[in-house]
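In structure tokens, one chain follows: the form predicted on its own.
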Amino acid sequence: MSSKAIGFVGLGIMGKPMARNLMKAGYSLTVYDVVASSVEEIATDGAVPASSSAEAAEKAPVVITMLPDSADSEAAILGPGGVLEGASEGSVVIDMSSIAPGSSQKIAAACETAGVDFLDAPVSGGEPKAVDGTLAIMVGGRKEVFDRHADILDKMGSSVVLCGGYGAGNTTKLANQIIVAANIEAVAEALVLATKAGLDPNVVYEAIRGGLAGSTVLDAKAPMMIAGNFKPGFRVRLHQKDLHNALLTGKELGVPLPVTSMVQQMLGALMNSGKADSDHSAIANFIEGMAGAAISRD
């Protein structure tokens, strides 16, 4: 079995470009997704299609999973036809899904029992950075396992950091998602306020982006709000899920997360209004609705 062989499970909005970057770097991929058309698309690029997660694991010593939520990762790795059915002792599972830390720890324990190494390695950066191969990758697991596979992660990210033991990657991702959500909500409030005051939101954005209010989130999301463009780079429903996991983790640890709870409710309201698959910058739509004012002038 080639050391350059990777099984890749989960070919969604993030998984596809991540898989493509691995192939560009010279890795041979065996891929699986429950959506057959996604498998066919990546197979056209040179990957080998598999009929199950287990088959993808049989063909490679390293298996990467990139799935929507905890239940999906557990099913794909631990369930019937899952990765552990096909994995060999000494292989490694790298779950790059953004899931609850406790779920990562559950998967890690099952992998250890099977003699399989495990890393939880969620990412941040959305589709643009997945395409560019410049994701921020937050990793949990044993250092020796991380050191052996950091070169693979480097092909998908510009920042790859071992954050601690099992679940630490996903705990760090939850911290990231709290900051991103609160920042997007603040940008939305600010631009709605400026617009309703009669100012040009483009001018306001240019005026503040070089000061203390400037941020990667501001530069990524303010132009989308101003243009009324909510094509998904990271979907509302996925960010709502992440904040739900953050609130559950906060409850387990006894940490109040009042702003997180508020923004999570906004995302839930957007889902109920049919915007589950809009970009998370659509938080602006919630604020616009309350204010009776639209940022976009198109």
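Don't overthink the numbering: it's just position in the shown sequence, from 1. Since the model is a prediction, treat every value here as computed from it, not as a measurement.
The same protein has a further form, the form predicted together with a small molecule, not shown here; the description that follows concerns it.
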item	value
Partner proximity in the predicted bound form: Pro61 to the small molecule, non-hydrogen atom cutoff 4.5 Å	no
is_contact(Gly133, the small molecule) in the predicted bound form, heavy atom dist at most 4.5 Å	no
Val34 within 4.5 Å of the small molecule in the predicted bound form, heavy atoms	yes
Proximity of Ala188 to the small molecule in the predicted bound form, heavy atoms at 4.5 Å	no
Per-stretch contact check against the small molecule in the predicted bound form, the hit in 90-98, 198-206, 151-159, 178-186 (non-hydrogen atom, 4.5 angstroms)	90-98
Listed residue (Leu174, Leu119, Ala222, Val123) with a non-hydrogen atom within 4.5 angstroms of the small molecule in the predicted bound form	Val123
Contact assignment for the small molecule in the predicted bound form, among Gly268, Gly250, Pro68, Pro49, heavy atom within 4.5 Å	Pro68
